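Shown next as structure tokens: one chain only, the form predicted on its own.
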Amino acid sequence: MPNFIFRHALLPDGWHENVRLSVEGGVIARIEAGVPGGAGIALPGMPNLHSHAFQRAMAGHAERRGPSGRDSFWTWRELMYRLALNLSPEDMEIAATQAFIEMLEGGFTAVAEFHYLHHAPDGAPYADIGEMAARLAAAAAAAGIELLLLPVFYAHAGFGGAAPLPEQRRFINTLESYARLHERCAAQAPTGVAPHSLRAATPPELEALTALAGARPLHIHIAEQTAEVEACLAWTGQRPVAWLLDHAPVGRNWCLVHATHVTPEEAAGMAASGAVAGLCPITEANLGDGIFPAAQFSGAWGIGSDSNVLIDAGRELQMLEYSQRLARRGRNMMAATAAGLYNAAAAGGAQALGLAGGLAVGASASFVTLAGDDPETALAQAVFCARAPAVRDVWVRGRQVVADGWHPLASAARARFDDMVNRLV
């Protein structure tokens, strides 16, 4: 039984000294405190609860104001569609491998991949309907990250069952074709269910998808943009989160991604349901979405890298905390300490991925290390002061995948990725 001994370890109830983790079959089998001889600072690996891996290829290429003079999420989406229509299965695997390596180097040890780029460029299914999903699974295996595959159901361009747009053709499924896709995905990796949004799935379709999910993770984009809220009000007379809470069995296996524009009553309903608020602070800032009222939220929450414009768990936490400070004009809004902030994100992320979370018996032996003598100061510096990811070493299910800040495939993967981006973007 492999043993790992750390001078300091962040357990669910806080910092402990001289901690030995005993690992069996990739899972923490025993935790003992007061064991001498340890070194370094261990944190639970951070789950990434929302990623679109292929969008890593867009990073830095959408930061120019368009001819209209006013850019928004909706103009950014046009650029994303252009990329999506040109990616081959090989390109998907290259982009995902790069994104997953950067996640590991940035402290994420598991990822929920919200996967909607399913079909060939003309919209026809591949001979293997799960071809693109298989590429994601291959990328995750090569990088060494735990994967929750979330095949996305996308059927409509707007509320009320509007016909999809031509540029969305690679995303589109019926309930019947989605069932085949989901079965194929489940053969590749642990799998949940992901209605893209209330815009993209009608109420009867959402009901069928909820039944398909059962107790498995169910993730949905919701209330990300004010235009989405206004369209939902026009269609139903309710705001998106209010409608969802009233019409779906939202519970602990649900992750409401973004939920940026919520009223206090909607936020209270989310918390009472037990669902996780899936926050992607860097992407939400990059797209100009708005600020989720996280400091007032009493429910579970976690972080994701979404568009993968910048991949670093510490920077996501920094952006989240700083957004709350700016909105409320105060300091230390999300937690009393960096450890409290980190543990809350790790717990919510694990719940969203259906994992046992934290450094605890029965959880995956997935952890990261920092350098330093004072663990709270080292973690605070990693979140708020580091000029690059402060993660030193990373283990996933007991196997080391990053050493001294570097993944062994980083250089080769980056060369393939750069060639692909130069060709496509």
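We number the residues from 1 along the sequence you see. Since this is a predicted model, take the numbers as computed values, not measurements.
Form predicted together with a further copy of the same chain: not shown, discussed below.
Looking at Thr377, you'd find a heavy atom of it within 4.5 angstroms of a further copy of the same chain in the model of the complex. a further copy of the same chain is not drawn, but in the model of the complex it has a heavy atom within 4.5 Å of Tyr322. Among heavy atoms of Arg315, some come within 4.5 Å of a further copy of the same chain in the model of the complex. When a further copy of the same chain is considered in the model of the complex, Glu63 lines it closely, a heavy atom lying within 4.5 Å.
Checking Glu146, Glu105, Glu266, Glu228 for any heavy atom within 4.5 Å of a further copy of the same chain in the model of the complex turns up a single hit: Glu105. The contact with a further copy of the same chain in the model of the complex, taken as any heavy atom within 4.5 Å, belongs to Ile282 out of Ala346, Ala259, Ile172, Ile282. In short, of 127-135, 157-165, 89-97, 334-342 it is 334-342 that has heavy atoms within 4.5 Å of a further copy of the same chain in the model of the complex.
For the partner-free chain shown, Leu287, Gly288, Asp289, Gly290, Ile291, Val309, Leu310, Ile311 of 287-313 come within 4.5 angstroms of a further copy of the same chain in the model of the complex, judged by any non-hydrogen atom.
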